[in-house]
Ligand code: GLN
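Take a look at this single chain in structure tokens; it is the form predicted on its own.
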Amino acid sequence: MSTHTPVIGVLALQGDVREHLGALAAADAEARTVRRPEELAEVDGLVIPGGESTTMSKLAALFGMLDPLRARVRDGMPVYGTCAGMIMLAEKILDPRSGQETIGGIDMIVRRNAFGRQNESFEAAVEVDGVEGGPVEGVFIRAPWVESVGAEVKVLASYGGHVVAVRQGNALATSFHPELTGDHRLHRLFTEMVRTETPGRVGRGAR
């Protein structure tokens, strides 16, 4: 088994970037912020954090990141989206805001704010396929859910009858925020996905 340290970026345009950086470091990755195309080119994988998906979409366009992100995801770069990041990875949003764009990468349709408003946020135990050691504690904050998935998408978890975690190839997404709980098992799962995709290397950024 390869034990090299992958370089994983966190898209740092908006959202809970610091928490993901800490969780990735705890999962034995080299974590970096990514704001520009040249920084994206230096990472082996990418986390798209929770936040406000409409704002994130607009900032990605402003920083010239949408097309480079789409290209890297299309080329197989491992990517993990949480909450707003799940929305960004969807091929289609059921109820998009005007001008809202996505990166794509997972053949799914998502519904924004599906679990309610900010004051309806909650925590719940969620069994996630592929994560050992019992359920993870899911923090749902204005969380989306997945309305439907394509044939290539594997459903990893559901809550309340709604899909809340999926994977398609090297793309992983959850409706909830594991980075806020101190439980780093999902980040370890993603780190291993990146490590498997980049065998024998110490990241793109190594010199």
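For every residue, the number given is its place in the sequence shown, counted from 1. None of the values given here were measured: they were computed from a predicted structure.
Quick note: we don't show the form predicted in complex with glutamine (GLN), though the next part is all about it.
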Item to check | Contacting member of 32, 35, 58, 142, with respect to glutamine (GLN) in the model of the complex [4.5 Å, heavy atom] | outcome: 142
Item to check | Residue among 79, 106, 84, 103 with a heavy atom within 4.5 Å of glutamine (GLN) in the model of the complex | outcome: 84
Checklist entry - Does glutamine (GLN) get within 4.5 angstroms of any non-hydrogen atom of residue 50 in the model of the complex? => result yes
Next on the checklist: So, residue 72 and glutamine (GLN): in the model of the complex, are they within 4.5 Å at any heavy atom pair?
Outcome noted: no
Checklist entry - Want to guess which of 165-173, 50-58, 151-159, 22-30 is within 4.5 Å of glutamine (GLN) in the model of the complex, heavy atoms only? => result 50-58
Item to check | Any residue of 99-118 that, in the model of the complex, places a heavy atom within 4.5 Å of glutamine (GLN) | outcome: 112, 113
